[in-house]
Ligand code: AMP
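Single chain ahead, by itself, as structure tokens, in the form predicted alone.
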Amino acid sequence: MSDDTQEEKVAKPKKLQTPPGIHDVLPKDHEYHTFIKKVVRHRARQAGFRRITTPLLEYTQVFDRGIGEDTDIVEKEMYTFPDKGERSMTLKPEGTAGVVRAYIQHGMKTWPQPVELFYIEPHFRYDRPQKGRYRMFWQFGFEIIGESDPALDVQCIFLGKKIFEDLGIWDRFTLQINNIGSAKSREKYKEGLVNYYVGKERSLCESCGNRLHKNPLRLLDCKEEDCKILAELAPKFDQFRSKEDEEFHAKVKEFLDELGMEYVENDRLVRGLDYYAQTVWEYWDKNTGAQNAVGGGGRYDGLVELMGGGEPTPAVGFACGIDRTILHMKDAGIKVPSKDNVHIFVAQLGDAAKKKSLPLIDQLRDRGVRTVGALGKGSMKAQLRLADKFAVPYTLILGITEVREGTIIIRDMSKGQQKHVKMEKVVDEVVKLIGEKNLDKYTPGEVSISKD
């Protein structure tokens, strides 16, 4: 047990707080989340993907079978526990296995193929917390199930690029690609890899020593210096790929060239999950490489069958980390539009003014004006200070005199100027001041409800 894990186990928090590696998403970061989700949804709809949400909690077997029992995720990182019925349950550590389970369970093989799905969800792994790597983390992902074509692999890769372009950070990444062969080719490669490492065990780190006979592909992306040197001299995938594998890989590169996408052929890129075959790729940070990769994916043609779906079913997909994407956006100085800025603050004094302000606030909100009302007992001076903290462009002031005269004061907070407006005209006046383009429009009744 590592020192940091031991410390977590014995230390008693002095106050209630989030567990290590799990954090609150505060309003400022939610602005980034909202913007990323908007971009992802837009690109997904353009490409014909439909959204799916799978449960946060699945039977452990979904991931044991789907991800692979000898992977780091299953062996070390899953949050697994028995429920009250003594069934083994797991908080989902990644999205693809759950989507494939849903594909099988709901008979999606009868849908028009391929089935194109996307998701935006939180995931959980008991990983060592560090910058951009958390135990509860958000991902968006895309899956194409039911058809095999190198063009679909490229569509996924290019879709990731378009999203990162929309977010203003594509120039921070390089595209790393590899072809790890079919399942049959990969098994031959594993044998060659194990034979290469025989006699070199003493030079491996403890983790790689454990992986050698369980998951030898993972030795190729170890970050320990001695392991990196050995990996550089290890056999390459292209020595074991079949003619069909090579043809598939050549087509992927041909289509990428057609789209003008630059890429780096990385013969050590394997990805960490057992279900991958043929194309794999990652989006690497140009400065730190794999250490700060923002996401990646690959083809997983055998997973549907492996999870009980019957006949072999081709599939490809990718996922990207939202938390790490936000870090890149902040580091690049990307500012996102905020939907949380308040347009109007309503200040009032006295019960009569409070009664008038309640329907007024409601009318403003229905017209798309983001409105906050100070309905407590604060003085007018205190309410205006609060309006300054909300940084509103205008404050509506309603006191005893205004109630009696049927008027309201509109105060321009930046200029310090104000004017009286008739109560029945104030909503139209405010909408005009704020400007139609800045309003969040909602028309009651715009959602149709079927009574069938």
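Numbering starts at 1 and follows the sequence shown. A quick note: this is a predicted structure, and the numbers were derived from the prediction, not measured.
This protein has a second form, the form predicted together with adenosine monophosphate, left out of what is shown; the following refers to that one.
Q: Ok, 101, 125, 186, 249: which has a heavy atom sitting within 4.5 Å of adenosine monophosphate in the predicted bound form?
A: Contact residue from the list: 125.
Q: Within 4.5 Å, heavy atoms only, which of 132, 309, 114, 209 is in contact with adenosine monophosphate in the predicted bound form?
A: So the residue touching adenosine monophosphate in the predicted bound form, by this definition, is 132.
Q: With a 4.5 Å heavy atom cut-off, would you call residue 320 a contact of adenosine monophosphate in the predicted bound form?
A: Yes - in the predicted bound form, heavy atoms of residue 320 and adenosine monophosphate come within 4.5 Å of each other.
Q: Taking the shortest heavy atom distance, is residue 294 within 4.5 Å of adenosine monophosphate in the predicted bound form?
A: Residue 294: contacts adenosine monophosphate in the predicted bound form.
Q: Using the partner position in the predicted bound form, report whether residue 137 sits within 4.5 Å of adenosine monophosphate, counting heavy atoms only.
A: Flag for residue 137 set to yes.
Q: Looking in the predicted bound form, any heavy atom of residue 271 within 4.5 Å of adenosine monophosphate?
A: Taking the distances in the predicted bound form, the answer for residue 271 is yes, it comes within 4.5 Å of adenosine monophosphate.
Q: Tell me the stretch among 177-185, 365-373, 137-145, 103-111 that has any heavy atom within 4.5 angstroms of adenosine monophosphate in the predicted bound form.
A: Comparing against adenosine monophosphate in the predicted bound form, the contact stretch is 137-145.
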